[in-house]
Ligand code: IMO
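What follows is one chain in structure tokens, specifically the form predicted on its own.
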Amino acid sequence: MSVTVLVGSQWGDEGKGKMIDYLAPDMDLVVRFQGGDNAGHTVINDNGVFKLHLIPSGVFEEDCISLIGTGTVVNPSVLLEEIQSIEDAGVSTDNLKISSRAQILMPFHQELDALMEEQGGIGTTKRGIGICYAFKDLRKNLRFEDLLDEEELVKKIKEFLPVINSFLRVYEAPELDEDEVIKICLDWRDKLKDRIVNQHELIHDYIKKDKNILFEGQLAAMKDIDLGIYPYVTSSNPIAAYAAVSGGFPAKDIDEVIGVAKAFSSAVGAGPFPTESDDEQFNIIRGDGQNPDDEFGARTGRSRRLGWFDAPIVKYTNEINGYDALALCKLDKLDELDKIKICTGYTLDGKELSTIPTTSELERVEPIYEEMPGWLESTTKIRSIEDLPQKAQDYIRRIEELTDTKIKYVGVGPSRDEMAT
């Protein structure tokens, strides 16, 4: 038995979907443990190209259970659309399950999110994620278990709807009709009731039976609500320890933590991004959006902000997560560059820093760069790290030194099999 947690080690969009798809054939259970449909995992395999927003990337393995876990917030309408798109591609979703304790993201969460953004937000995806988590803490949400008890469902809607309507009145938005909300929920119940399971029972049963379990994180540590670049963060904890918290099992049972990083840096949305660069070489890396691995957001479609590899950030997220291994994705995107920079540290007001500063200070830091020669040859056909061009291996080893990690996987293309190990 092994319990593996896979998380992003930068700002998100590192290639987690590819890595989960690569590891899933050896797994019995894949669990999405936090977040909602505000981000996406791009998976490219023999079944096609998929941008998954809620469904765990293990769904393509027929002998693997894919569980949307307790720590998530789930818009049932989005989930049903995603299920349909996967089934339309000929892939069964029979093994897709939802934790009975997962939070239900309602249409009014999205509406309030959009209204708040209009008043001056941080550039959210307006999917209602933050609002749903906020109402979770206010204890004014539904969980999937409520769909299975109509009497309890109606009781809870009657209790919290006046609170929701009071928020809507502040923004001069139309108030909600109680009967309409109940009707929507009962429709979701009819379509999803057979997928709702007791997560605690399932996970502990698999642990006792020595099964292989993979916990799938969304976004990355720099977007963590507590440890990231607050307030430019997500509304949950996309760090390895939260897999145990939301999974309801001891953290000591985690056997391996895998961090996923790009061979450069990217970010979507506002907030500090020290190595962001307008160097024309990033036009090569970004692409034009025609390819599934071009640098455009899987959820938003927005062009990503790009920059050089930021070693202090990955070292910091390693300290948070404790990586047993690092997966370095998209190395092939650097194949055509004659010179490559690595950020080895920062200065602030002329002084070199020894740690990651506050968010406002991170806006003002100056990156310290080290320049390395590019390898100027294709890596896409290579399947062993030892067979990569020597200059590519030098780049990988330098990243290991600067981040105090061990790179076990190197992505050299978007497809599952395009991996050097």
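Residue indices: 1-based, along the sequence shown. Being a predicted model, the structure only gives us computed values, none of them experimental.
A second form of this protein, the form predicted in complex with this ligand, is not displayed here; the remarks below concern that form.
In short, of 149 to 157, 189 to 197, 214 to 222, 341 to 349 it is 214 to 222 that has heavy atoms within 4.5 Å of this ligand in the predicted bound form. Though this ligand is absent from this view, in the predicted bound form it lies within 4.5 Å of a heavy atom of just one residue from 169, 302, 208, 183, which is 302.
Screening 129, 313, 254, 102 for any heavy atom within 4.5 Å of this ligand in the predicted bound form leaves a single hit, 129. Although the partner is absent from this view, residue 272 stays clear of this ligand in the predicted bound form, with no non-hydrogen atom inside 4.5 angstroms.
Interface membership of residue 233, defined by any non-hydrogen atom within 4.5 Å of this ligand in the predicted bound form, is confirmed. At the 4.5 Å threshold, heavy atoms of residue 268 reach this ligand in the predicted bound form. Proximity of residue 125 to this ligand in the predicted bound form: non-hydrogen atoms within 4.5 Å are present. Contact annotation for 10 to 49: residues with any non-hydrogen atom within 4.5 angstroms of this ligand in the predicted bound form are 11, 12, 13, 16, 38, 39, 40, 41, listed in sequence order.
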